[in-house]
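To begin, one chain is listed below as structure tokens, in the form predicted alone.
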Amino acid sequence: MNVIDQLEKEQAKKKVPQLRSGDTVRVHAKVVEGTRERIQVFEGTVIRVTGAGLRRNFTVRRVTHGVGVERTFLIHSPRIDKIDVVRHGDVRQARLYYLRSKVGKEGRIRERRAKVGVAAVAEAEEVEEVEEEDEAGAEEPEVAAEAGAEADVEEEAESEAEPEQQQEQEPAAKKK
């Protein structure tokens, strides 16, 4: 293995969300002010994602008090605490520089309906695990379904019986 590849592998972050242009993200960046260090949150729309590997970076744009602010972050930078994907945008272009000339409602991006990113991969793995458990533990699915249906019928019968018992107790209290 090449020395550079080994160093890059050591410095790369393990869990990085899949970012695409149009996504709204919340970047928690560490900021040094004198001797103190604090975390500053920068929320905006990803207008571009470039590079590969350790050099991968993305530019986030937001408009504050009528002034557009763009900031570029390295994804694997130690200065970034975490990246939260607020929502996935539905766009057709890789570079959203046209947002610079849009104001207000024109600058909005539709939300994408399909699941994408680290969360979607984690959900897909959970679904696969559940299916594997079902296959291993499923002896006779029909019997299990019938047992579940009988339990539901018993619960309904108990819930219907409770109001009748309460009505019987109320007249007794009024007689006293």
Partner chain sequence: MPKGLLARKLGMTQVFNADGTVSAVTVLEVGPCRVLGLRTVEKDGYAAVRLAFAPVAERKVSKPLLGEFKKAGADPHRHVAEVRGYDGLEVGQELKCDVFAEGELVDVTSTSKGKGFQGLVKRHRFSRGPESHGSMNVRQPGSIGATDAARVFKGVRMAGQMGNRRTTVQGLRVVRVDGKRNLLLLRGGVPGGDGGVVLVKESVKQLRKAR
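Positions refer to the first chain, counted from 1. All values derive from a computational prediction rather than experimental measurement.
As for the form predicted in complex with its partner chain, it is not shown, yet the points below apply to it.
Assess the spot marked by Thr50, Gly89 and Ala94: is its partner chain within 4.5 Å of a heavy atom from every one of these residues in the predicted bound form? No, none of the three is in contact.
With the partner left out here, check for me: in the predicted bound form, does some heavy atom of Arg55 sit within 4.5 Å of its partner chain? The answer is yes: Arg55 has a heavy atom within 4.5 Å of its partner chain.
Is there any non-hydrogen atom of Arg71 lying within 4.5 Å of its partner chain in the predicted bound form? No - in the predicted bound form, heavy atoms of Arg71 and its partner chain never come within 4.5 Å of each other.
Is Arg79 close to its partner chain in the predicted bound form, meaning a heavy atom pair under 4.5 Å apart or at it? Contact with its partner chain, yes.
What are the residues of 2-19, in order along the chain, with a heavy atom within 4.5 Å of its partner chain in the predicted bound form? If the 4.5 Å heavy-atom criterion is applied to its partner chain in the predicted bound form, 2-19 yields Val3, Ile4, Gln6, Leu7, Glu8, Glu10, Gln11.
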